[in-house]
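We give structure tokens for two forms of one protein chain below, kept apart as structure 1 and structure 2.
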Structure 1
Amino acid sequence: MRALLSFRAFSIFSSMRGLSRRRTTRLTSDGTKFILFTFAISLAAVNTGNNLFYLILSMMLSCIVISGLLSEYCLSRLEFHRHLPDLIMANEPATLTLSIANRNRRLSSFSLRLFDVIGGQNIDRGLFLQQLPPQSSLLLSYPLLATRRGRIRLEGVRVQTLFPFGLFRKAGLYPTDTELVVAPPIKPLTLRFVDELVSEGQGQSLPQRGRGTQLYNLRLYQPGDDSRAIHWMTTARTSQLIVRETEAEDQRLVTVILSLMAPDDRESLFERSVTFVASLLWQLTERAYPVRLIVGNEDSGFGSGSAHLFTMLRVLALCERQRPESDGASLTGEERSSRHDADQGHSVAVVPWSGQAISAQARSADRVLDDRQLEELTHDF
């Protein structure tokens, strides 16, 4: 029995200690005035012995106690869940969604102001709830503008309330540790530059729909299809309108290689190079080119379409610049990943720092964009 009581006391103490770590209480300006006025009333009651002063003092002290209890009840049993996109773009507004649920059975939560916690700092998103009824949930959306690529760690949600009298600002921290991946921004590239960049690649027919002459598929006619694509022989045989789909032609395989080696004084050029690679991949994907991205030891493989593009943008979002060693060696990882066979199409190497080992690493590429060329291409980024 004694061991059971000791265990319960320890559990209560642990929960109270955990609660104290997640709760903070601060006086507001009105609360400071109220506390000073309460102290003055207490002095007057002690000095004069007037029962009216004691009655006023007891009422003011009860207001302080009630304020603490009700504000704690507003913050208790709240649950938060985030709904984040898989990938967002830097310098482009994105919408994040936050779900809040009140698990209290009887009383509502009032006057709730919500903050994102990033790096231990409260970030105001302008989220405010006047009332959240018991056993109810609400979905809140707010914009987010990330200014640079990489990871954004959302540590949690901090909730503040002034309920009921505005004497105290009580805050509670609700951990929701999640990461948001920010891809580099997409900048416009001249069409002529993109055409020249891949003009040396060899065309190849791929098994996918497109404008060509080879037969890809036969399917039923759908409203909006071109009547010139109707396959009349099959239509006559099946008594159903059949449309002929052709196979895409002149698809160019393009491999883009990004070197991660750059000293500290080239950090700005390196970030612009990452943006350039992202913009180039975007343009090539828009043209339905099968594209492959090699960044250090990361290899996306060949693919096309928006899903493959997002995979490559995620690789670019998480890549990190590597400082070159003093002897300029030890780049076997990049050299090994940059070698490619003849069937891998046209290759483009983006090298923000033209060191000796970097030149050896990018030597096998069909087209090398060195730091001088990148300065010109990314000057307006």
Structure 2
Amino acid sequence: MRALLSFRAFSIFSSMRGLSRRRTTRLTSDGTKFILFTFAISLAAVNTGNNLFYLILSMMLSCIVISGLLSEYCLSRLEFHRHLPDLIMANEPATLTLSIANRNRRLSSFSLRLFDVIGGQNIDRGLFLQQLPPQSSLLLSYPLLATRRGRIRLEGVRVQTLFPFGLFRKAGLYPTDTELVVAPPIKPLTLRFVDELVSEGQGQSLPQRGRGTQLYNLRLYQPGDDSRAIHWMTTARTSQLIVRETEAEDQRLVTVILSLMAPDDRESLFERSVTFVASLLWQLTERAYPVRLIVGNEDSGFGSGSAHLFTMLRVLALCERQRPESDGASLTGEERSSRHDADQGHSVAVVPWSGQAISAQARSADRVLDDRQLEELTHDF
């Protein structure tokens, strides 16, 4: 029995401790004035012994107590759920949605100001609810503009209320530990530059017929042709059986390698290089090139389409610069270069820092964009 009681006491104590950890109460400027008035009246009551002063003092103290009770009631039994996109782009506004539900059975919650908690800091998104009726929920949407790529950890939602009298600002933290991945921004690249980049290494050869998805040629049907290749629209228009020939994709494979090696003073160039790679991948995907991205240990494999692009952008969003003295980084670079030799397609290495560890990797690529070239290409980013 004693053990049960002590367990209950412990659980009550820990729940109270948890509550106090998640609740903060601060005086507002109006509250400070109110407290000062209360203090002055208490002095007057004590000095004069006038019971009517004590009555007014009691009224003011009861306002303070009721402020605490009602604000706590406003913040209790709220539930939050986030709905986040899989990937957002840096410097492009994205819309986040937050669902808030009031599980109180009878009373509304009033004057709720909501903040995102990121890195322990309250970020004001201008979210304010004057009233949330009992047993109701609301879906709020708000814009988010991420200024740099990476991972944004949304630790929770902090709710503040000044209800009922505006004397105290009570805040409660509701953990909704979710992550948002921010891809590097996409910058425009000149078409000529992209054409030049990918045509090199393929001997400026014309596209050849073969297996693929892009249209290469239309010709008359010949016996033995696959009937699935008949291009019905043209057949109908010309009244002749026309088949569709596709461009050989293995001739158009592009591998983009991003070197993570860069000293601290190349931080800016490294970030711009990441942006460049993202923009390049975007352009290539737009042109339906099968693209492969290699970043450090990460290898996306060949693929095309938006889903593959988002996979690659996610890799770029989360990649981190490595200092040249890191032994592990050098090894992975060597390993990557050896693996790359066996792969097909045209390869482009983006090297923001041309150190010794990188040169082996650069040598294995068909086209190497070194720091000087990258500086020229990305100085407008």
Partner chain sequence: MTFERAFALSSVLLAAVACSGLLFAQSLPLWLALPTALILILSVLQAGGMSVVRRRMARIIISPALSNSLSLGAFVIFLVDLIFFSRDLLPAGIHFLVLLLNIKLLTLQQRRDYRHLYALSLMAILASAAVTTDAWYVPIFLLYLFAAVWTLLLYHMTQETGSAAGAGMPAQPAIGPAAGPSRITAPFLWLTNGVVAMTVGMTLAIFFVIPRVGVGALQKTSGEALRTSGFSERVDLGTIGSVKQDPQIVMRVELPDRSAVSNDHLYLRGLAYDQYNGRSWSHSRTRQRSLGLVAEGIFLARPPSSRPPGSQSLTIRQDILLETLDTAVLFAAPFAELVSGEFLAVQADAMSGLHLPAPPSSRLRYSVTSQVPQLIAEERTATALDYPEAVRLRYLQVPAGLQRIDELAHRVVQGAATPFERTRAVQQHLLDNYRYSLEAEQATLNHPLEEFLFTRKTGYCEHYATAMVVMLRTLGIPARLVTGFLATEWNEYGGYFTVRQRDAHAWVEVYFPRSGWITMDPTPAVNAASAASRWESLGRFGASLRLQWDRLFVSYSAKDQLAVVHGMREGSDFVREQASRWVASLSGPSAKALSRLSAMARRFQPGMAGLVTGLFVVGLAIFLLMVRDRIGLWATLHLPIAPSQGAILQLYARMLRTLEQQGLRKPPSVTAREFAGFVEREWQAAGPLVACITDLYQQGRFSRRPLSQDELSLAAEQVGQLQSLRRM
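Note that the structure is a prediction, hence the values are computed from the model and not measured. Reference numbering: structure 1, starting with residue 1. Between two forms, the rigid core is the largest collection of C-alphas that superpose within 1.5 Å.
Between the two copies of this chain, it is structure 1 that is the form predicted alone. With the core held fixed, the Cα of residue 46 is displaced between structures 1 and 2 by 2 Å or more. Positional change of residue 239 between structures 1 and 2 reaches 2 Å or more at the C-alpha, relative to the superposed core.
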